[in-house]
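As a starting point, one isolated chain is supplied in C-alpha cells, in the form predicted on its own.
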C-alpha cells in the first residue's frame, strides 16, 4: 500500500476510512485482494443504486463496446444519446406529466450545480442564491459557495459570495419556522438581503446528517418561490433515482421544481454523467454557453438507459419501499434501543443513526472503524461526522441488508461497552 502514500496526493479521503486493497465488486459486496468480503452500505456515495456490476446493465454496455459504438462525441447527436432521451422521457417524465428540457453539462454533479446556478442568474438577472444550513452541493467554487460545511469552504482559498444561508427545517429544535423566516426576509425592506435568483434545496440532506424535510415544509417553500418569482432548484444528485422510494425525492410532496439536478446513479453503472431538467421557458442558453469535452458520456447513456429498463422490469421503487419498512423497523427496534440518546432518521433506503448525544469523543468514528473490521463499509456524515449513513445499493438482498444492520448494531454495542469500561478504569 506504500505506493498510494508515496505517490498519490494527500487529498485522498475514503481510502483512509476503508484501508484495504479492493479487487472485485458484485451486487452489494466489495472484495479485497485478501479475499475478505465487505457488505457495502456506501454504494459509491450514491452512484451505485443498482449495485456493483449489475448483470443486466453490464451486458448492454459490453454489447455496445463490442459493436464499436461511439465512445466520445461531446454533444453531437448519437444513437446512444437518442435512446437514453427517449427512454427517460417515456419511463420517467411522461408518467409524471413533467415537462422539462434536458441539459447534459459536464459529467460531475458539481458541474451540473454550476450550470443550474449560472442559468438561474441568467434567467432572473439577479446574483444572489439562497441555500440551507447543512447543505452539500459540490466542491467547485460555485457549488462550494452554496455548501455550508466550513471545512470544505475553507479549501476555496477565496471568499464565497452571493449566497445567503437559511436554517433548514430541523436546524433548530425550538420550533423555529424557516419558511416564516424566509417570508419575513423577503418582505422586509430593511432585512439587508436582496431577493435571490433561486433557492437550491436537498429534500433530504444526506451529507448534512440525513435530515428529511417534511412534506408541508416543502410545499410551503415551493409556494413561496412561486409567489416571490424565485426559481426552485432541487438537487437530487444523491437522493434521486429511487433512493427515497420514488424516482425523484420531491414526488412525495407533489411539487415541481423549476430545475432538477441529477447525477451519481443516473448513469446506472458508476459512469460519470449529470443532467439538468429545466422548465422549457427557462432554457435561454446560447449554443455552447455552458459546455465541456466530456458532457456526452456515451457509455453512461447506454448504461443509464439500461438502468431505466432494469428499474421498470424489477419494480424497483416498490421493492425499495418494502425494504425501507424493514430497515426502519430494525433501526428503531434494534439499534435505537442500544442507547437512549440514539436518534434514527431517514426515508426509503437512506437512513442515519445519530450518535452525537451518546458520549464524548469520536464515538461514530470508532463505530465506523469497528464496522469495517467486521466487514461493513459505512460512511459518517453530519455535523462532526457523528451520523452513521446507511445507503446500500437499492437491490441489496434482504439477508445482506439485515446482516449489515446486525454488524452496525454489534459495532455500536461493542464501542459503547468499551468506552464505558475505559471510563470506569479512568475513574479508579
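Numbering follows the first chain given and starts at 1. Model, not experiment: these values are computed from the prediction.
Another form, the form predicted together with another copy of the chain, is not on view; read the next lines as being about it.
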Of these, 223-231, 250-258, 334-342, 176-184, which stretch puts a heavy atom within 4.5 angstroms of another copy of the chain in the predicted complex?
176-184
44, 74 and 152 all contacting another copy of the chain in the predicted complex, non-hydrogen atom within 4.5 Å:
yes
Is residue 351 close enough to another copy of the chain in the predicted complex to count, meaning some heavy atom within 4.5 Å?
no
Is residue 243 close enough to touch another copy of the chain in the predicted complex, meaning at least one heavy atom pair within 4.5 Å?
no
So, residue 95 and another copy of the chain: in the predicted complex, are they within 4.5 Å at any heavy atom pair?
no
Under a 4.5 Å heavy atom criterion, is residue 118 part of the interface with another copy of the chain in the predicted complex?
yes
The one residue among 219, 356, 162, 314 placing a heavy atom within 4.5 Å of another copy of the chain in the predicted complex is 162
Residue by residue through 63-81, which ones have a non-hydrogen atom no more than 4.5 angstroms from another copy of the chain in the predicted complex?
64, 65, 66, 67, 68, 69, 70, 71, 72, 74, 75, 76, 77, 78, 79, 81
